[in-house]
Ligand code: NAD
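Have a look below at one chain only, the form predicted alone, in structure tokens format.
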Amino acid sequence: MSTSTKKVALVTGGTRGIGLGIARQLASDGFNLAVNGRRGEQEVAAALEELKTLGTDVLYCQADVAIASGRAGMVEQIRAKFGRLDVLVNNAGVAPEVRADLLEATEESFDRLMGINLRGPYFLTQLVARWMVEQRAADPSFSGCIVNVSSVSATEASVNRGDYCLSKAGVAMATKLWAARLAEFGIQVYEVRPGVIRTDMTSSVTDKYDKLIAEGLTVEPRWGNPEDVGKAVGVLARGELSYATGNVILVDGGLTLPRL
């Protein structure tokens, strides 16, 4: 029995950067929110309070998506609080701690990125999908949505962060796999693929990308913002893109647009 009459969305890594931009959009769209992060609740209190001012009920789920018990605990928290889950946004992700050339990259960095960026969302999707299938069986009008936030690095090679590129390429394939598996249950699965977005993750390379954007890296001559990604996820979560499961939505200002 649902305890929330409003639809509920889970956003992993939802307390800063792209995740917070997505959470803001979904709160504005009328979703109740479960927001996940690894930091303590006091450390993210300002972000949670901001989301509550948008008129949404917010549950904070402190967990590392790379750890199975953390994923399971998060889903149980949402069941207990809201009794339903309509949208999963797999956004949590990390960059390499050191941008290392392929000839010097370490297995430790590879394993860390694969655990957080690929294995975690893959098996969180499995948990959530099972619950969404249950909800569909109980209510044939239920329509779930899963959005994987990847990166242009899924297709664009960066030889000083190969582990990151491989993790995002894996997310792209996971989107196709889950879209094919879950369509029979009315669960739509999409990938949103951001380009150069201004967040704390990109703060260390601001000068590099300022120069590249000025030189024409993107068709639209500016950095992307978390709100740009949030708007794209909002369209998908609201169910406004039908008959299109498995698709990739590029939010990259034309960075990957083939040009002569």
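Everything numeric in this text was worked out from a predicted model, so none of it was measured. Note that residue numbering begins at 1 and tracks the sequence as displayed.
The following text describes the form predicted together with the named molecule, which does not appear among the structures shown.
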{"property": "All of Val58, Lys81 and Gly186 within 4.5 Å of the named molecule in the predicted complex, heavy atom check", "result": "no"}
{"property": "The single option of Glu215, Glu41, Glu49, Asp200 touching the named molecule in the predicted complex, heavy atom within 4.5 Å", "result": "Asp200"}
{"property": "Listed residue that, although the named molecule is not shown, lies within 4.5 Å of it in the predicted complex (heavy atoms), from Val94, Ala105, Leu166, Ala172", "result": "Val94"}
{"property": "Options 188-196, 231-239, 49-57, 26-34; stretch whose heavy atom lies within 4.5 Å of the named molecule in the predicted complex", "result": "188-196"}
{"property": "Distance check, Val75 to the named molecule in the predicted complex, heavy atom within 4.5 Å", "result": "no"}
{"property": "Glu220, heavy atom within 4.5 angstroms of the named molecule in the predicted complex", "result": "no"}
{"property": "Non-hydrogen atom contact Asp64 with the named molecule in the predicted complex at 4.5 angstroms", "result": "yes"}
{"property": "4.5 Å heavy atom contact, Leu182 and the named molecule in the predicted complex", "result": "no"}
{"property": "Residues of stretch 14-28 in contact with the named molecule in the predicted complex (4.5 Å, non-hydrogen atom)", "result": "Thr15, Arg16, Gly17, Ile18, Gly19"}
